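A lone chain, given as structure tokens: the form predicted on its own.
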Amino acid sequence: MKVVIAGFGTVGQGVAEVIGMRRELFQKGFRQKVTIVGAFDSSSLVKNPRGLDPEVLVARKAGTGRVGKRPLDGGAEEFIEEYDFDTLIETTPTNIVDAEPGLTYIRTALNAGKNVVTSNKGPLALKFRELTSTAAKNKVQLRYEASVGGAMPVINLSRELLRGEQIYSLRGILNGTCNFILNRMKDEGLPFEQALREAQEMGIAERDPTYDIDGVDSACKLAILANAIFGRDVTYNDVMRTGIRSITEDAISLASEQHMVVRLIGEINDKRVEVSPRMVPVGHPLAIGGTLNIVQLITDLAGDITVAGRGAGRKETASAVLSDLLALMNEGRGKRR
């Protein structure tokens, strides 16, 4: 399988590293190679039909800030459309305003008859139905396990291993930054602003934490899950959203007196798709602390199924991309038979 990596930030670099680490798995498990034949970031491009060394790509990015030596010069669409490769691994940053540039990259690849594996929430949260229809029309695959929950395999679990289940509803914690802040407020009695600063100092929260603390990140993920698992046709803008800015020490203390904790919970059921702060009983799976993501699926046969994992990180998100690449390779093997 020949792949091109679009976007070479933290996730893109992690994907390159994991592809290098799993050469033996590809060969022994699938009798195939996964070869990086191209990569580009916001300003540069590198390509080689014979393959590129993942370690060299990562080292160049670390040393120069650019993945390639030649300028991109706005030619990404033409490159995706005309270059010979099988799968676009799209890892550009989430943009919830218009989903660009990832949306254009994904559209171009699908229309050119190329599979897409993406970690980017923006295009899926805004244009899910269009993109999945485009993939079907062109008889290629769009896979996006890495767009929700990083290493937590909730999409593939629901759509493949739980295919025979009727999934009634879903609820979960989909943002580790908010979970860390709320947990620190409870454990140390910190005010919100102090807990946020601590998260920023530790690298858990961004300098601009808006997407996290205002529930934007969680709402994006919830829209994707509503479409992917429940067959809805919703966008990020349809999700009812309340963040955690207004949570006070008094609210945390009051919850604690009732043996409860406050968590930012996303929920999908037959009445709503919503993310908001909720009180959760101490000891409940959704009372989990730290930065983990966790989702509960309520099913008819298996009952409640809970899955948890690291919701972000270089290798963690790359592991979800890897699972989608392996699924593509497995399907290709089946077709050859």
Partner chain sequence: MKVNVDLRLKDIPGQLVAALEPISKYDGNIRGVVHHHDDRVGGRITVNVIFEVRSEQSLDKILSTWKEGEVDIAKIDAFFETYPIQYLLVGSITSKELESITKGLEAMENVASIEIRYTGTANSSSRAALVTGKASKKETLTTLESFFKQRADKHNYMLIRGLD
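Since the model is a prediction, treat every value here as computed from it, not as a measurement. Positions refer to the first chain, counted from 1.
Beyond what is shown, the protein has a form predicted in complex with the partner chain; the following relates to that form.
With respect to the partner chain in the predicted complex, the three residues L174, M202 and D208 uniformly fall beyond 4.5 angstroms at the level of their nearest heavy atom. Residue contact with the partner chain in the predicted complex: R272 places a heavy atom within 4.5 Å of it. At a distance threshold of 4.5 angstroms between non-hydrogen atoms, E193 is out of contact with the partner chain in the predicted complex. Although the partner is absent here, G122 sits far enough away that none of its heavy atoms falls within 4.5 Å of the partner chain in the predicted complex. Of the heavy atoms in P277, some are within 4.5 Å of the partner chain in the predicted complex. Only one of E267, D86, E77, D214 lies close to the partner chain in the predicted complex, with a heavy atom inside 4.5 Å, and it is E267.
Interface residue among L286, L292, I298, V58 relative to the partner chain in the predicted complex, by the heavy atom within 4.5 Å criterion: L286. Figure note: of the listed segments 68-76, 240-248, 183-191, 226-234, the one touching the partner chain in the predicted complex, with heavy atoms no more than 4.5 Å away, is 240-248.
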